[in-house]
Structures are given as structure tokens and as C-alpha cells.
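Let's start with one chain on its own, the form predicted on its own, as C-alpha cells.
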């Protein structure tokens, strides 16, 4: 195999990128890492902290033929522009979520990937969340039967979230950033969204962030609730809330129901209920699968008297793997062993997925088509909410096959 090692450039040296620079740098398929930020002091801090080189501007990155990949950690509302410019400059792209801020931008990214054969991966952590992985596994095994209904959500108060402190992004419609909810449930049942109907909760706190006359989004909704009609005939409810969020986990599948079985989750308890078709009268079999889905350290501490309260406050939910993730761990490079992970043990999977996809020239699971299917329903739902919750069709750009 004549594949060369890769040179990557981080665009944006903010709060989140710092978890990924060491992983990209350590991966055996990486030759070199650059960092770039509009604020030179931030790039300098990254350079000193991680031992990587600075490149002065995004334009320099695009014009540098040595650089193979752009790693996009810019502000959410400019992702579409950053990604399309990188693809047009013949760079592979790893991008933080969301894919883009408009349906048109999402389609352009899909079209560019299709035309160029370049690799695009949207770094959606929740695809590898244990609850999502468990529901995908159980669904494929037929434990749910035909999918009927499911619910997923991302509860994160605006005052405790990174972009809540960025002036340009305050007041952003919650469903512009939907993928922590949509990716879990859509991937779990292997489908896509055909139609949405959405309602929003107008802010009553007098917080100017959600005064629609004072934010760039003309948005007053702190929370948005959308019903989605899926192509497989089922229905899903997704909630994106920035006006409440009582703790952790902030992003999860709360329920999934089918003709044969169901899954329900709250705090640290994961329950599978299956119909017993062999019983002479109606009967179900209940299985507590918590020890399979929860992180190892969480299970090890489940007998503590304050266990549930500590779970609610996020303990054991950052750097720790769960048994359902174990089968994925074995394919990670040994160079990752001593490095920190994050977001329920998902960061390493995403970095490895992207670099292997580029190195082996094969589209990843979280490719442009999947990213569009996870992002576009939220963008259409925002318009539904503006129009009083009317049902709207969701465009689909295919699966890339």
C-alpha cells in the first residue's frame, strides 16, 4: 500500500478542539498537525501546549498543498462556509457539528463530496453514545420488531453551554444544532426523516439572548419540540432544549418502541422489554441491561448511597468506556491508550474513523450523506415552528451508495 501519512490543520483553537489535537497528533496515520485561529494568542497557546506548528490563516491552509485535511472547530453558524471552501480547495474535512446552517449548504457539501470523492466526516459524538449503540444493536437483532415510536433529546441550558457565551451565537434556534438527538435515534432504526412538525417555547425570562429582535436568528425559542415521520413508517420525537437541563446525561435516547419490544432509559437504568410470543396469554420479559450500557466505572459504583445523584451530576460520563463500546475499542491504535477521551468515550472513535477513511480512501459511517440526514430535519423544523407547527417535507439527498 502506497498511502502516505497525513498533514492536518485545525481551524479554530477554542474550548473543544483541545480534546482532539492530541488524538490527531498521536494517530499513526498523521504526519504533522498545524493549528490556526483568528486570535493569534489562541493558536500560540495551542502550539506551546501540544507541540504543534502555527499556520497564520485559513487562506494559507487552503493554499498549502502539503495540508491534506482541514479539521473544523469554528463557530457553528459558519461551518457551511468553512467546509465548502475546504472541499473546493481539495482538502478532506473533519467538522464538528452541525453540518451547516442552511439546507442549501448541506446539499452543496454532499454534492462536493460526490463530485470530488473527498472525505467529509461530521464528528457527532452521540452516534457512539452507549445508548445509541445499544439500540442499533438490539434493532439489528430484531428485538424491537418493526419500529413504531422513539424519543431522543439534548437537554443543555444555554448558560452552561459553550456557544451560550459567544455573542454571535446567542439566541441560536435549538434545532439548528440538532444532531446530538437526531443522530442517535435515526441511526438506531436505520432510517431517515420524511416530514416534520415542530413547536417552540418562547423565552419568558427576559434574557436578551432569545429576544428575536436582538439576535441574528430572529429567534425567540429556547426549546423546540419536533415530531418526525420516518421513511420506515415510524414516528420519532426530538427535543432540543436550551431553557432547561437538570444535569447529566444531557443527550440520550429515552425510549424506543416496536412491534416486538421496547427500550426505556432514565438516569442510570436501561430496560429492555420483549413480548413473549410463546406464553399462552399476554406476557413480557423484562431485562435490565444497565450493566451492559453504562460505563464500567459507573457500574462499579452503583451500590453507593449517592450513586443516582452523582450520575445526575455527570460523574463517570466523560472519559470512561462501557461494555457496549468494548468491541470498538479493539480497533483503536495503541498510541491512543494513554490519552484522554471525552463525551462518553467517543472522541477516539471519531478521530480514528476519519483518519482511516482518508488513508484508505473509503467513506466513513458519519459521511456527508449521514450528516445531512441528521442535520437537515432540524433546519426544516425551525421553519415549521416559525409557521405555527405546520407539517413540512424534509429533502433527502440519499445515502451515498
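Bear in mind the structure is a predicted one, so any value in this text is a computation, not a measurement. Numbering follows the first chain given and starts at 1.
Another form exists, predicted in complex with a small molecule; not displayed. Remarks below refer to it.
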Quick one: find which of 66-74, 360-368, 329-337, 26-34 has residues within 4.5 Å of the small molecule in the predicted complex by heavy atom distance. 66-74
Thinking of 14, 97 and 125 as the candidate spot, does the small molecule come within 4.5 Å of a heavy atom on all of them in the predicted complex? yes
Is there a heavy atom of residue 343 no more than 4.5 Å from a heavy atom of the small molecule in the predicted complex? yes
Exercise: residue 180 in contact with the small molecule in the predicted complex, heavy atom 4.5 Å: yes
Within 4.5 Å, heavy atoms only: does residue 209 come near the small molecule in the predicted complex? no
With heavy atoms only and a cut-off of 4.5 Å, decide whether residue 58 touches the small molecule in the predicted complex. yes
Can you pick the one in 197, 118, 230, 78 that has a heavy atom within 4.5 Å of the small molecule in the predicted complex? 78
Partner-free chain; cross-checking the small molecule in the predicted complex, the single residue of 112, 298, 241, 82 with a heavy atom within 4.5 Å is 82
